[in-house]
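As a starting point, one isolated chain is supplied in structure tokens, in the form predicted on its own.
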Amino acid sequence: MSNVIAMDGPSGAGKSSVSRIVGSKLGYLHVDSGALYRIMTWRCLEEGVDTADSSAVAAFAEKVEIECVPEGGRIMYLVGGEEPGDRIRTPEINAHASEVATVKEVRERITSILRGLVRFGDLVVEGRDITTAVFPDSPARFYLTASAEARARRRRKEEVEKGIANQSEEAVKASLLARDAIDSTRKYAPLRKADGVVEIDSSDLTLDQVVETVMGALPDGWRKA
């Protein structure tokens, strides 16, 4: 049976960076669940589907075909044979992703996709409901958090490095807080800290320190000698 490291937390808390490094150290495949919701959002916008219309989003989401392929230590998502890349990382996608993610049918479909990925082997899966809804029985569950200021600074830096920045740090912070509010109050599978998870506040920690904390809290036998 595959091992699954489940990692939740708000945007900008460091889930992606930590998950990639932990996966690399252990030989686990990194799974970015948020990319699936971004793909759904991107396709809705491409096809003119109103993301505020949950019925329309639910109906459209059934038609979106996503191929999952293990590649270079991660699960790569292909749409129409192509990887979307930074097309799903724009501020426009950020502004609509939470609306799409509130749709029950979308979450159910993506949960099913994520659970099916264990066929590829051991995983480190990051998202917002991985510890609570997708893999709630994993013995390795983590909740990463950080101050809004630290998260906004990281997200802004990421956007600058990718050449897609068109917002100030304050605007990024406002966007993150708005998404926090939507994600934590949605009716179906809200973002929350599950009982029994290891919580890590990364506001004043280096990336290496967070990785060390995660590695040190894994069950016996999951760490390489």
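Sequential numbering from 1, following the sequence displayed. In this text, all values refer to a predicted model and were calculated from it rather than measured experimentally.
Not on display, but discussed next: the form predicted in complex with a small molecule.
- The small molecule in the predicted complex comes within 4.5 Å of no heavy atom belonging to Tyr28.
- Taking non-hydrogen atoms only, Glu159 never approaches the small molecule to within 4.5 angstroms in the predicted complex.
- Using a 4.5 angstroms threshold between heavy atoms, Arg89 counts as touching the small molecule in the predicted complex.
- When contacts are judged by a 4.5 Å heavy atom cut-off, Ala97 counts as touching the small molecule in the predicted complex.
- In plain terms, the part of the chain that comes close to the small molecule in the predicted complex, with a heavy atom within 4.5 Å, is 177-185 out of 59-67, 177-185, 45-53, 193-201.
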